[in-house]
Structures are given as structure tokens and as C-alpha cells.
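Alright, here's a single protein chain in two forms, structure 1 and structure 2, each given by itself as C-alpha cells.
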Structure 1
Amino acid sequence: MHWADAFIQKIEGPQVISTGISPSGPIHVGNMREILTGDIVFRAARSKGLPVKFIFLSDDIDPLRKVYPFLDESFREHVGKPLYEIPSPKGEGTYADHFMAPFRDSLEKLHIQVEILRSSQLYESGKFYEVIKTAIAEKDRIARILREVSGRELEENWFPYSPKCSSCGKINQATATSFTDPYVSYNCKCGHSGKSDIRKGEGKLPWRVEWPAKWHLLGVTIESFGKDHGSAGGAYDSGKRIVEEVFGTPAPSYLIYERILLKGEGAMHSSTGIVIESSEALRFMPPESLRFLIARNSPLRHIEFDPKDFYLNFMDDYEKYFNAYFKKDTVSDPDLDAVVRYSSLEKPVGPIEPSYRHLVTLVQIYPDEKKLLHGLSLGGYAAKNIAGEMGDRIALVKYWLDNYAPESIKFSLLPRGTEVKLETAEQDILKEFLSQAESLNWTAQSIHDSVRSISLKDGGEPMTAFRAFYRVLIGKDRGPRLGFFLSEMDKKWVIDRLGECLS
């Protein structure tokens, strides 16, 4: 049984599924594991017939913690201020909106039906007023829970509310000194003393208190989060006790997910600059393939994402699943149907033809759109122009080639007349192929079988034969799968080019 179906099988009644991210930097593919895990569970609950709501909380009242690698030094003065009150790195709008805008576009492309809430608005509207008041009244109990769960001592003057200084605008420098409803008095490191109104966005709860307060306030019943929060003594353990013992609400059920690693660099994290933004990934990945990345893997398995060397292998797997769903291939996965359904934007669409890998070859053989249309027509594409879904797929392929493809994948056909030095064995192979070419059925399989048969004569190696063709056609020792490569080109052009080099 698929992991989402297995999880929701034991869930009954109305559900509120929640996820959330602090928009402190680019929202990346690693972050998408949280939102897509929530979305897949949302779909599973809906399929079961449960009344279900899916919400996403943008923690835009969080402070900017440091000058991240993608920021310039002008942002040093804003460290400590709420993200929604800091100017955008591009100069228009706010810092939080700058990073949320491309994320919203990604949600739309991925067909994720989620209600986006902003923590700043929840505070400013007074929705947090009662829970803040309760947290302050129960601060000793909360402090005891945090000490018992985390095993760490809190500061002597710890207070479950961080005032925002009305002078410097920072939300992490003021120390609360007293509370007279609805005001928290404070002294700030900048030298200012003042009062913060807890009915407005003039401060916030600490993270370990805010999370369970959000569960209580929004009625959250299911949440997905990273394993760091789910470890023993982590934020979930303390949040469970706080929401149940202080706010009197049951803790939500949860799914813990592993990280997504960027191959060769480690876990994605905005603060280190090790990221592929979700909006960037969708410039070379079909949305269904990004959903597939999460749907196919159990949340407890870490994912190594490689947009370069092994990306085409990943795309082969994605397409194989969709084609198997439509009985055009086979996959030995009992969860095949569920994986494809949860990977799809709406209902499964397929089979996928031509493949992404095949398009990578085609767009390099035919860089001119008119010739590319001819190349596509050889595979059965009957349209008079390249538009719609095919146009979108080709745009993804071209972007990947321009920005991520390894050099071993890239090629361009050598112009006619280009001289190529060939070894005697390579010349003999090409001569033998030319003697068969005229009568050869010009298909990928026939070409592959012919070249392989020629190469194996007298104990030869297939790679020697393949290399001869690649040298003549693209000036490299390696290239695309040879049978498909040649079958996509005009037969006469190939024969003339080989003969030209041998003469």
C-alpha cells in the first residue's frame, strides 16, 4: 500500500492538514518535500471521503537571522527585523513576498490546492491574542515542559513572547519585563524601552511555543515536518505536551520526512546557498516529475536529487511509471497506480511520447524549429507547428541543456565537409555499414543490430564501432544511443556523410 494511503487508513473524521515555511530565502526543492507530502496526504484523505482542509502558513513574522550568502551587506541593518517588514532584495515589495511569489507560481504549476496564511496577518488581526495571553499566564508550566523535553536550561528571564522594539524594529533584541493585559513592557538592546500590544503584530511567540499554539488556533490534525523536529526532545515532543497540557487540544498526527540532498553538495538549505529553487526546477522538470520525486519515495527515505549527470535516468524512471500505467511498459511496483495518481496534476495523462531523453537528442540534431518539426514527424507527431504541450516539453529540454546538462550529453552535428581522422578499424566498420545501409530498414533497432553485428566480427568491441560513428557525426567519442540517433536523421544525409569521410 502506498505510504499516503497507509497513513490515512487509520485516520477518521474531519481533518486540517498543515505545513509551513519561513520565507527567509529561496524556497527550494528540499522545501517542496514538506508541501508535497502534505498535498499527497490531502489527496489521500479526499479519496477516502474525509472532510479535509489543507493550509500553508508562511512564517513571515520570523526575524531575518543573518546576512545570507545571497544577500549583500546592506541587509545587515535588517538582521532581527520581521521578514514582512524588510525590503525585497530586488527593491520592490517586501522580503517575504519576494520569496513567496515564485513559490506561489510553483504551487499553481504543481496543482497544489492549499490555503496560504501569513503569520504576520494572524498576529496583526488579533487571532493570536488569546493564545499569547494563555502562554504568558502558563509561562512557568511551559518553561518546565521545555526544560524536561529538551534537557536544556532556559535563560533566567525567559518569557513566552518576543516583543518587537518600536524604535529599532527588531524582534529578537527586546527583553520582556512585565505584562499588564494587553501590553508587554520591554527593554531593548538598542537602549529603547516600551510596550508591545499582544493584540497586534508587535511581537511573536517563540518557535517552540508558536508551533503548538498554531495547532490549537487553526485546528490542525495532521502535519508533516523534517526529522530534526521529530527527533527525541525535538520541537514536536515539546509541542505535543504544550498543546495538550497548556492549550487543552490533542496534538496532531504527523509524518516525518527525510531531507532531499543535492548530489555532491549535501542537504539543501537557503542559509548555505545549496539550493535548487522550486521555481527553477520547474523550468526543466515537468511538474508531474517533481510530484513523482516525492510520491514514489517513502517520506522516511532520503532523496538524492541530481539535476545533472543522472537526471535523464530519473526522467526515464518517471516516464516508465506513467507508460506502465497505460500498459505501454512494465514496472514491478505494487504501488504503481497510486504513485502515478499522486504524481499527476489531475488525472493521469499518457503514455509519454517521445521521451525526454529522446527530445534531448532531437533538439540537438535539429536546432532549427522547422527541421525539428520534421524530426518529430518521423516519430508520428502530426501537428503543423510546435506548440501546446509539445512546445512546453521542448522548452524544458532546451533549458536543461543550456543550464544543467553535462558536456557528455551535449553535441552538435559536424558540418558537411569536416575532416575526421579515423583509425583503420573504424574505417572498416563504416565501410561495412555503408555496404548494408541502402537496404537497411532505417529504424533504431535495425541500425543498432547492424552496427553491433559488424563490431563483433573478428572479436571486435561494440564501443569501437559506436566511437567511429560519433567521431564522424559529432566529433566526440561518445554520444546519444546510436540506433535512435541515426534513425532520427535523414538516411541519405547519414550515408553521404559517412562516405564523404571515407573518401
Structure 2
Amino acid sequence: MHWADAFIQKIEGPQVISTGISPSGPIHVGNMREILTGDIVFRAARSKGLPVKFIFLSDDIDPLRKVYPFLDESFREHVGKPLYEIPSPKGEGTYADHFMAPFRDSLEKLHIQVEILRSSQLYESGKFYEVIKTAIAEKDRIARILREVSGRELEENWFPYSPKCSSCGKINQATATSFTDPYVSYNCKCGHSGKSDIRKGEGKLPWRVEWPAKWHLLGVTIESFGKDHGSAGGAYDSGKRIVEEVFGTPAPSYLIYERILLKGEGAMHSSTGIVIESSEALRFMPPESLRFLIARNSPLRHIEFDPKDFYLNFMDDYEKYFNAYFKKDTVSDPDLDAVVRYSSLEKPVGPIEPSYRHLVTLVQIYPDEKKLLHGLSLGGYAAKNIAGEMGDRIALVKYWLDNYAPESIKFSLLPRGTEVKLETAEQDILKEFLSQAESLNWTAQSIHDSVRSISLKDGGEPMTAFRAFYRVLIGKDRGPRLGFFLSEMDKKWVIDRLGECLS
């Protein structure tokens, strides 16, 4: 059984599934596992017939923790301020919006229908008022839980609410001194003393308290989160006790997921720069294939993502599943159906033709868009399919070729008129081919047969013959399978090109 179905099998009743990310940097493919895991469980719950809501909380009131490698020094002064009150690293808007915008875009492309909430809004609108009050009233109880669960002592003057200093704007510098509803008095390290209104977003709960407060407030019943929160003594353990013992609501069920590693480099993490942003990934991956990456692998397994050398194998795999769903291929995975459904944007669409791998060759034969469409029609792909969706797929392939493809699979056709030095044997072979070419049936098989039979004359090596074609056409000694390669090109163009190289 598929992992999402197995999980939801044990769940009954109405559900609120929640995930969240702090928009402190580029949101990358690793982050996408959080929300895609949630989305897939959401779909599983829906198909089981459970009433279900799916929400995403952008933790935009979280303070900026440090000047990340992708920021310049001018951000030093903003460290400690809430992300939604810091200017964007580029252009207009806020820091939080800057990193949320491409993420929202990705959500749309991936067809993730989630209600996006912002923590700043929950605080500013006063929604958190009651829970903050409860947390302050139950300060000692919460402190005891945190001590017991994490096994660490809290700071002397620990307080379950971090006021934002109205003078310096930082949310992690002030020390709370007292509470007189609805104001928390504080002294800030910047020298300012003041009062923070807990109804107005002038401060926040610390993470370990905020999480259970969120569960309580939003009625969260299911949450997916990374393994770091799931460790014994981690945020889930303390959150569970706080939500149950202090707020009086049951803790959500959960799915813990493993990290996504970038092949050969390590875990994706904004602060290390080992990262492929989700919006970047979607410039060369069909959205279904990114969903597939998450849907197919159990959350408990780490995923090694390789956008370069083995990427085409991954794409083969993804297409194989979709094609198998439409009975054009076979896959032995008993979860085939579920994997394809959860990878699809809505209903599964397929089979997928031509393959991504095939397009990689076609796009390089025909860098010009119009000629490419013509080339596709030569291959028997109906024109009406070419316009919209095919155009998108072509754009993905091109972007991949330009930015990620290994050199060994790249080539470009030499323009007409390019001079190429050929050995006599090679010239003879091309001449021989040209003499047959006019009458040759222009299909992959017959072209291949023809070249092969020519090459074998007089005890020649096939290598010599094939190499001659590649040298003349792409200036390399190797290239795509020749019969297939030539058949995708205009016959006259090929004949003219070969001819001019002999004169």
C-alpha cells in the first residue's frame, strides 16, 4: 500500500493538515518535501472521504537569525527583526514576500491547493491573544515541561513571550519583566524599555510554545515535519505535552520525513548554499516529475536528487510510471496507481510522448522553434499537440540543456558551409551513402541499415562510417543513434550538407 494511504488508513473523522516554513531564505526542493508530503496526505484523506482542510503557515514573524551567505552586509542591521518587517533583498516588498513569491508560484504549478496563512497576521489580528495569555498564566507549567522534555535548564528570566522592541524593532533582544493584560513590559538590550501589546503582533511566542499554540488555535490534527523536530526531546515531544496539558487539546498525528540530498554534495540547506530552489527546479522539471520524486519515495527514506548526470534516468523512471498507468509500459510497483495519481496535477495525463530524452535530441537538432515544430511533425507528433503543452516541455528541456546537462550529451548541428577535414575512407563512405540517399526510405531503420552495410564493405569498421557522419553534422566523433538522428532531420538538408563537405 502507498505510504500516504497506509498513514491515512488509521485516521478517522474531520482533519486539518498543516505544514509550515519560515521564509528566511530561498525555498528549495528540500523544503518542498514538507508541503508535498502534506499535500499527498491531504489527497489520501480526501479520497478516503474524510472532511479535510490543508493549511500552510508562513512563519514570517520569525526573526532573521543572521546574515546568510546570500545576503549582503547591509542586512546586519536587520538581524533580529521579524521577516515581514525587513525590506526585500531585491526590489520592492518585504523580505518574507521576496522568498514567498516564487514559492507561491511553485505551489500553483504543482497544483497544491493549500490555504496560506501568515504567522504575522495571526498575531496582528489578535487571534493569538487568548493562547498567549494562557501561556503567560501557565508559565511555570510550560517551563517545567520544557525542562523535563529537553533535559535542559531554561534561562533565569525565561518568559513564554518574546516582545518586539518598539525602538530597535528586534524581536529577540528584549527581556519581559511583567504582564498586565494585555501588555508585557520589557527592557531591550538597545536601552529602550516599553510595553508590548500581545493582541497586536508586537511580539511572538517562542518556537516550542508557538507550535502547540498553532495546533490548538487552528485545530491541527495532522502535521508533517522534518526528523529534527521528531527527535526525542525535540519540539514535537514538548509541543505534544504543552498542547495537551496546557491548552487542553490533543496533539496532531504526524509524518516525519527525511531530507533531500543533492547528489554528491550533501543535504540541501540554504545556509550552506547547497540548494536548488523550487522555482529553479520547475524550470527544467515538469511539475508532475517533482511530485513524483516525493510521491514515490517513502518519507522515511532520504532522497538523493541529481539534476545532472543521472537526471535523464530519473525522467525515464517518471515517464515509465505514467506510461505504465496508461498501459504503454510496465512497472512492477504495486503502488503504481497511487504513485501516478499523487504525482498528477489533477487526473493523470499520458502517455508521455515523445520522451524527455527524445526531446533532448530534437531540441539540439532544431534550436529554432519553428523548425523544431516541423521536426516534431516529421516524427509523427500531431501539430495540435505541439502548440501548448509541448511548448512547455520543450522550454524545460532547453533550460536543462543550457544549465545542467553533462557535456557528453550536448551537441549542435554545424551550420551549412562549415568546412570539415575528412579522411579518404570517410569521404568514400559519404559518397556511397549519397548515391543511395535519394531513393532511401527516410526512416531510422533503413538509414541505419544503409550506413551499416556501406561500412562493412571491403572489411571496413562500422566505427569509421558513423564517425564520418558525426564529424560532418555536429563536429564530434559520437552522437545520437544515427538512424534515429538522421530520420528526425530534413532529408534534403542532410543530403546537401553531406554533399558540400565532399566538394
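Note that this is a predicted model, so its numbers are computed, not measured. Here, rigid core means the biggest group of C-alpha atoms that superpose within 1.5 Å across both forms. Start at 1 and count along the sequence of structure 1; that gives the residue numbers used here.
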query	finding
Form predicted together with the RNA - which displayed structure it is	2
Large Cα shift (2 Å or above) at D317 between the two structures, core-fitted	no
Exceeds or equals 2 Å, Cα of Q427 between the two structures, core fit	yes
Exceeds or equals 2 Å, Cα of I495 between the two structures, core fit	yes
Following rigid core superposition, Cα shift of T443 between the two structures in Å	5.4
Per-residue C-alpha deviation between the two structures [R452; rigid core superposition; Å]	9.3
